[in-house]
Every structure is written in C-alpha cells, then in structure tokens.
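Just one chain follows, in the form predicted alone, and it is written as structure tokens.
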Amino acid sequence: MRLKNVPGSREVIAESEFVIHDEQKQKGKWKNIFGNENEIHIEIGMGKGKFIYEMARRNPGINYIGIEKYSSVLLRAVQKMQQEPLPNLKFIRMDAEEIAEVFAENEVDKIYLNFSDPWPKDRHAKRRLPSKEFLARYNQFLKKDGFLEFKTDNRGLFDFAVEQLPEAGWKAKAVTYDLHHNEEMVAGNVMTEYEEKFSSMGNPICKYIIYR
C-alpha cells in the first residue's frame, strides 16, 4: 500500500513528548516511563490511533503503547494527543519486526492487532502480524496469562491467522466471523477507522482472542 508522505511529519514526531525515541533502551523499564505499576497493553500497527486513544481514555488505570511504522500516519495520533493529552498513552515509530527488542519477558499484558496489512502474496506470509513468526516474537514478552486480540475484515487473512495457531502453540479463547452480530464479543468494542469504514459497507468483521 502506497502512503502519502506528509512533509514535516518526521520532524514533528522526532520532537514530540508523546513518542518514545529510544525504545530499545526502555526494554524491561516501561513501568518507569509511566511512573506506575499498571498493566501495559500495546497495539501493533495502530494507524492514526483512534482505537488506542479511545482505549486509553476509557481505561486510565491501564498503560497503552501504540506502535506504528509510518510517520505520516503516526502524525495524526500525535496531533490528537497535542489537543487532548492522556498520561497513560505513548507512541513508538518502528518496524514491528523489531518488537521483541523493545519489551522484556512478561512485560506486556495484552496485544492488539487491528486491520493489519494482509501481505497477500504467499512469499510475504511471514510478514503478516498474526503469522507464526510474529506469534513467536510476541511469545517472548507477553505475560504467560496474557491475551492477543486480532480484528480484520479480510477473511483470507483471518483464516490464515486461525490456521497458524496450532503450529505456533497458541490457542483460541474466542473466535467470531461476524463481530458486530456477536452479542458477547462486541460488548465494549472500540472501533478503528477501518472498522467503521468496512462495517458501514456491510463487511463482516472477524475477531479472535488467543493465548498460549
């Protein structure tokens, strides 16, 4: 997917107090960043940040970290924080492939993946965020009793994600192929920008909650 470059976005992010710039040095020390012992939840591929901002607003007793690769996209989340800052939300601009270098063992309580890039070509399967390769990375820092939640409207990607679980040593706590018509799983659901767009078009949203 080609993203439009936003002039000055890198400079704004480099100077922002809401973005952690030496993320690998914080490995094992994220509680110090927030100044408390609260749980840490992360979203990998947060886009413009609508989901994680709303989660942080609703749950002030949980610390949130949003991770996004593209400066031009992360800029939107930074601008929102400039207008209405939240003390329990920080951002990182980085490639998700380095995620295991940023968090220590048992440091993260929950992981969110929302409408991740499907990487449709077979040769790119290991780049998909719910792939067995990425699940192995998450296994290094997600708490033993932690969960990972994944949402997408891409049925092919979702089927792939479900098929990866046994091989990766993960198990499904809950699975739905039509989230917005699943009364139990949709309770408290916070929609992303893509979720609002695709659900308004009538596309069913798939979701699973997994653990080891």
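A quick note: this is a predicted structure, and the numbers were derived from the prediction, not measured. Start at 1 and count along the sequence shown; that's the residue number.
We do not show the form predicted together with S-adenosylmethionine (SAM), though everything after this point is about it.
The candidate site formed by V19, N88 and D109 is entirely out of contact with S-adenosylmethionine (SAM) in the predicted complex, as no residue has a non-hydrogen atom within 4.5 angstroms of it. For the chain shown alone, S9 is not a contact residue for S-adenosylmethionine (SAM) in the predicted complex, no non-hydrogen atom being within 4.5 angstroms. Interface residue remark: D95 is counted as part of the site for S-adenosylmethionine (SAM) in the predicted complex, having a heavy atom within 4.5 Å.
At the 4.5 Å threshold, heavy atoms of V78 stay clear of S-adenosylmethionine (SAM) in the predicted complex, well away from it.
When contacts are judged by a 4.5 Å heavy atom cut-off, G146 does not count as touching S-adenosylmethionine (SAM) in the predicted complex. Screening 23-31, 61-69, 157-165, 171-179 for residues having heavy atoms within 4.5 Å of S-adenosylmethionine (SAM) in the predicted complex returns a single hit, 61-69. Scanning E133, E101, E105, D117 against S-adenosylmethionine (SAM) in the predicted complex with a 4.5 Å heavy atom cut-off leaves one residue, D117. For the stretch 11-46, the set of residues having any non-hydrogen atom within 4.5 angstroms of S-adenosylmethionine (SAM) in the predicted complex comprises E43, G45, M46, in sequence order.
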